[in-house]
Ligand code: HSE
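Below, in structure tokens: the form predicted alone, a single chain.
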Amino acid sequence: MDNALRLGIAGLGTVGTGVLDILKSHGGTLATRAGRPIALTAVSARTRKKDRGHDLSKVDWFDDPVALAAAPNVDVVVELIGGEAGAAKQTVETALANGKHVVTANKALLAHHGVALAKAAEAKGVSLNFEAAVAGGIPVIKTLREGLAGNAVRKVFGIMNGTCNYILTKMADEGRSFADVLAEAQRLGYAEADPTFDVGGFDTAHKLAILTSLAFGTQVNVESIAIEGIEAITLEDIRNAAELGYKIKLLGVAVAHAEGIEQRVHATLVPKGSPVSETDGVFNAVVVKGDFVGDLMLEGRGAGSHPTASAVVADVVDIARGFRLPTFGIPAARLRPYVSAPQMAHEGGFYVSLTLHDRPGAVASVARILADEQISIESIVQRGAASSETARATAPFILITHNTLEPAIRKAIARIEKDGHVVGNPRVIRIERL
């Protein structure tokens, strides 16, 4: 095994253990496909006592992952620690400085430090591979970096967080509240005890920032993403959307405009029957619009031990074959500076949910304001009034607009709020007609 590619794995959680499973199950096949054996020589984790289902007695154990990254018997450092700073960042930087290839599943690290790390890797002539960082086992990185090299990509979007997709699917299918389904997702291990990173849209934003760089050849810029989560989505919104022919999904969307790049993460109405709308549960889906290939959608499991480990091992095999590309498809020094499109450049339809005082002139006032802002209405749902002993009668009023610019709808909503006919805050959700 003199020509074996020697791996050091930093982090033996669910994904790290999944990598061990694949190496054990398919070691011979991997050697054949890679043209050389792949040997595990070192590991690092928080505790040695945990039973991971594998005999690790013959590999070097490092309590400090940074020390593993500098070990002479390691050719490739597989970083599965997680987090944008701390041990994960130090481990990757040390590996690259020592001329070692790196494979990582760490989207936060790449979203915040990807360009600097890419420059470090390229300076040393080594690979920094990260297929597992976006959409788990779905080969979206390889697709953008290699398969679509002959295309100019104009838009990339999709469902990139399985936790949010699971919650929204359960709410729609079972008529349950956000809080109820979130609690279930936490019990099942789909959501963390503190779910903010997922349901707040930040996980999706990290993944979108990486895809944006690959798709458009720009420097990674997570700070420019407009982020909204799904915490405010109600069962009423989901029912209204269904009645109007839509489902609600959390999407990450990046679009190239002449003026710059538009990046946004938010709950979105998508038409029933469209491919993305049929991606349910913990599954992810990413759509790429290229000028020659047209629309391409990749769907699959976006997280989990074995799907994510599958992507990690694919990156390792590429390194074993001697296949190396610039980290973001082109040399890091040639990535264009990120330029944001004008604020709120989004053009599309909008779902608007209002609670109006049930009195003459309320609906007419809303219609007049929308007309003033050149916003036309595609469809309306108006339900009967509800009343109580302590409040005047009110009535739900839901509408879908034709395509309009976001500044126009925001201006109209501000005027509607001041007009005296609305109870509470209007609810506005973007529509992607795909």
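Quick caveat, the model's predicted, so the values are computed rather than measured. Throughout, rigid core stands for the largest set of C-alpha atoms superposing within 1.5 Å between the two forms. Residues carry their position along the shown sequence, with the first being 1.
Below: the form predicted together with the named molecule, not depicted.
- Comment: 190 to 198 is the region of 231 to 239, 253 to 261, 217 to 225, 190 to 198 lying near the named molecule in the model of the complex, near meaning a non-hydrogen atom within 4.5 Å.
- Note on contacts: among V92, M160, V265, A209, the single residue with a heavy atom within 4.5 Å of the named molecule in the model of the complex is M160.
- In terms of contact with the named molecule in the model of the complex, the residue from V270, A118, A303, A108 that brings a heavy atom within 4.5 Å is A303.
- The closest non-hydrogen atom of E79 lies beyond 4.5 Å of the named molecule in the model of the complex.
- Although the partner is absent here, D203 is a contact residue: one of its heavy atoms lies within 4.5 angstroms of the named molecule in the model of the complex.
- Shown in the overlay between the shown form and the other one, fitted on the rigid core, is a CA shift at E146 smaller than 2 Å.
- P195: CA moves 2 Å or more between the shown form and the other one after rigid-core fitting.
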